[in-house]
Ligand code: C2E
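Given next, in structure tokens, is a single chain: the form predicted alone.
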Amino acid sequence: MSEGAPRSLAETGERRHSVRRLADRVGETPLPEAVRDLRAILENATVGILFSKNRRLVQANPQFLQMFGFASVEEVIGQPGVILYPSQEAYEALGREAGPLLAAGKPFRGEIQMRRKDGTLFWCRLSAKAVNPQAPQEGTIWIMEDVTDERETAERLKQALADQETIFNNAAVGIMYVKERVVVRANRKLEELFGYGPGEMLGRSARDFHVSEESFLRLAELARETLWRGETFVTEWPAKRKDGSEFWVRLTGHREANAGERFDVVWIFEDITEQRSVQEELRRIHLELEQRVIERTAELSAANAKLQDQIFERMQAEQRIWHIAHHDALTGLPNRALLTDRLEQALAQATRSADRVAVMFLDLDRFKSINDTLGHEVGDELLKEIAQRLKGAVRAADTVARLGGDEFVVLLQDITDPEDAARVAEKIIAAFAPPVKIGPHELRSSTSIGIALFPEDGEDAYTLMRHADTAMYQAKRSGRNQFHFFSARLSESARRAFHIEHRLAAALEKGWLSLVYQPLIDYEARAVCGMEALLRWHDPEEGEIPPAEFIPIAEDSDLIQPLGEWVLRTALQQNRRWQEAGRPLVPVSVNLSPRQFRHRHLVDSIRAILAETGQPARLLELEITESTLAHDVETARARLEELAGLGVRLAIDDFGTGYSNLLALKRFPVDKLKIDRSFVRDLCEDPEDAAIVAAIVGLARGLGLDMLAEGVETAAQRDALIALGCRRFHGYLFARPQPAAQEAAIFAPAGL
């Protein structure tokens, strides 16, 4: 490196000042201590440091070697400085620029392109100073930083700003940005609309563009509430040009999201003066036509023909209005109002003729997960296809209605016995079986159906609808994709489910929920290798409510998402407290429900909770049931890849019970298989269970996956599993689930 071929380096903080301060102290510190200090600074500095003499490289620190791609300092010592530059011309040009400054005792700073050992170029910020300006042959100190990424980022930002400015100034509408009622930005179109020259509108009060002070205050009053709510305000309003002339604009305003307490607004202006003139002319013509009709009432034939036309148009309009008021806008099916009317008519007819009427309440299974994962547009297309299939499954005299969301009602008239309704329900379930193709998605849908009969289950429309809804929820709880007739017992079950849902919402809010932890055992190491977090609910009125009762209700409601986030956050916070108390670093396992797994914001939620709790992703293990993954293999694989990208561990829970596709399993980015407790329970007595466990162990080994057996309760089960090749367990043999306060029992279980 030439004494006159340096690099410029902007001040980057205390790390570089420390190098210079230590160098200044060499003269006042005993030599061995100074040498040690200098060596420590050179070896640990986060910037490259180079000493050159007589145009050759003399010494360099590790950061310099890494930056330029050298394996050792021996590769550098004695080399000519030109090897660090793209060319001889670049080397000499920098020497001409830096040489006079260094000779004058001044530092040289700059950013230039330099060359690594492998020939690649990068941008370097450097700073140089001669050891002794009076004796250049004594050498030069260089401090260097790789700023390639910094320069590229700045260039991208510059280009983005230029693109935005181009869009802003070439927009077909006027755009004004107002801060505290003062114009701070205005594009060219806005200046053109108001007749101002470039930049003349900036700094002016927004009042200047209104026809009067009263007009300005009136607009502010109308817009304020809407804008403060964060909504878009749209109106048509008179405005004033620079020359004082008035014109009409369509105003669209939106408050700036990051304005805090300020009332900063972006306004879009469109000149609608000509449109309003046309509208005014149309209104004037309309008035003239009406007057002519009055004046020419004597001309009976023409007036009568015109009157007939008007009557016909009005009838058509009334028919359209009636149809809109009584039909669902998305599917075109009858809505609740029309359904109620037809049901009441059907009940009146059935009362006179002693016939039966069936009301069938349908709810699509897992429709919310489709909306959550694929969006409402796909959901709407699915609803339209389902409506057509329902219409095709019933008679023309029957009614298919949509109540809203994914709820449909089928009204069957003139049926003789319940079997008629059952046959229709079976036909509807069969109509759902073929997949629905929507864009790139092939969706499979099913429905749960509740049936109420007149007069057995109710004698009025409201009671029949309510009882059919109750029967539908029983069909869902029984496994979905089936139908149920109403019974008095179902009514009590529905009330219980509603009560549990209401109390669960209160439990989340009031802290009635807690977690217990069951250790996962590495028996070969005789150590705890993790723990599973299990949710518990102690209700102050009802006592312990088992998860098997409230988790399905949470899954069918909107509570599963906040409930799942609470479990994740609480488990990770507790694991951090254990770590801070000196406990071993082991992952905590948390179950993901099917609806949680399919939620479109799952990955963002987990990322945020990991950041909030300060836990590394590797200490979180998410357990997904095999049946959840088997529902939609491609979607499941994509979601698992997103989760694996976070760095969390993934386990398939209850493995062996979900009939999963083994080819798909090979492609799933999972870390562990958990052998379901149903195979462990009879392992010592049932050869088939032993064969299944052996197959799962072999599968896990073949795929390079960890495995763990659930529900180990006896030493005989443990020994049988060890003989089959399984070494990790959890179950009552080792420890029961314990509250976090019992950490000694969790980390040193008695059964280990």
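Just count from 1 along the sequence shown to find any residue number. No experiment lies behind these values; they were computed from the predicted model shown.
Keep in mind that the form predicted together with the named molecule is missing from the display, and what follows is about it.
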Of 254, 677, 576, 480, the one that lies within 4.5 Å of the named molecule in the predicted complex (heavy atoms): 677
Would you mind picking the one in 382, 428, 567, 636 that has a heavy atom within 4.5 Å of the named molecule in the predicted complex? 567
Would residue 623 show up as a contact with the named molecule in the predicted complex if we use heavy atoms at 4.5 Å? yes
Taking any heavy atom pair closer than or equal to 4.5 Å as contact, tell me whether residue 706 reaches the named molecule in the predicted complex. no
Would residue 559 count as touching the named molecule in the predicted complex under a 4.5 Å heavy atom rule? no
Taking heavy atoms and a 4.5 Å cut-off, does residue 140 contact the named molecule in the predicted complex? no
Quick check for you: of 605 to 613, 417 to 425, 642 to 650, 540 to 548, which stretch puts a non-hydrogen atom within 4.5 Å of the named molecule in the predicted complex? 540 to 548
Even though the chain is shown alone, can you say which residues of 716 to 752 have a heavy atom within 4.5 Å of the named molecule in the predicted complex? 730, 731, 732, 737
